[in-house]
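Single chain ahead, by itself, as structure tokens, in the form predicted on its own.
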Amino acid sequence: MDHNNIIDSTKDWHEDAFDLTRGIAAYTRSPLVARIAKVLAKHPQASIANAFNHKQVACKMWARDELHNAFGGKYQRIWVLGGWYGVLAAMLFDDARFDIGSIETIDLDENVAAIAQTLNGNDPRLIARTCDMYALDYAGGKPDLVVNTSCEHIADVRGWLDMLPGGTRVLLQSNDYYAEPTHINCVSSQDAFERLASLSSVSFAGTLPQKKYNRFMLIGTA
């Protein structure tokens, strides 16, 4: 028996994950994967495996691709509400199709900003803010795109959208995963999501089926 191949069940999974992601980064030459390894090393408390699981990645890749199809790749200022660890920002910065001046990830949790900065390599274009989305000055801040991929957490989606200046471009996602207690405003279908948001114009509307739920997305203007 090769004892070097025996798995030590007492070993912290972070160490193996760190070695694995560093190896994948070296093989693929991906700066983003290398930064995931840094998150594992620097922020062991972060739920990066959840933030970067296959479902999260699929939904964000879908958002990124359809955003480019709808509005192109040039943006001066993007606001991502509920930005968490800045995964969407990192994926946008990693995509050569996009030319972005800055992305502000905005989250209520004060513990996520440092992780977002690490994941994005302390890129000066990434601004991680701890703030309530209802306290933002949307008119004064003048983002040319507002992203909210967690509309199932918002009690009054249209009421929040009314805070944005008319014509603001938005990317919105919701789902029909009613089993999650924190999902206080799920929608049953894509049509229901469109009625709930009542956007002034819709450039894209679609559904991404997942194993336990459907992810719905709208891209248009508030």
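Note that this is a predicted model, so its numbers are computed, not measured. Just count from 1 along the sequence shown to find any residue number.
Just so it is clear, the following notes concern the form predicted in complex with a small molecule, a form of the same protein that is not shown.
- Against the small molecule in the predicted bound form, the set T149, E152 and R215 is in full contact: each member has a heavy atom within 4.5 Å.
- In the predicted bound form, A139 stays away from the small molecule, with no heavy atom inside 4.5 Å.
- By the criterion of a heavy atom within 4.5 Å, D99 is excluded from the residues contacting the small molecule in the predicted bound form.
- At the 4.5 Å threshold, heavy atoms of G121 stay clear of the small molecule in the predicted bound form, well away from it.
- The small molecule in the predicted bound form comes within 4.5 Å of a heavy atom belonging to K60.
- Contact with the small molecule in the predicted bound form, judged as any non-hydrogen atom within 4.5 angstroms, is confined among 185-193, 164-172, 27-35, 52-60 to 52-60.
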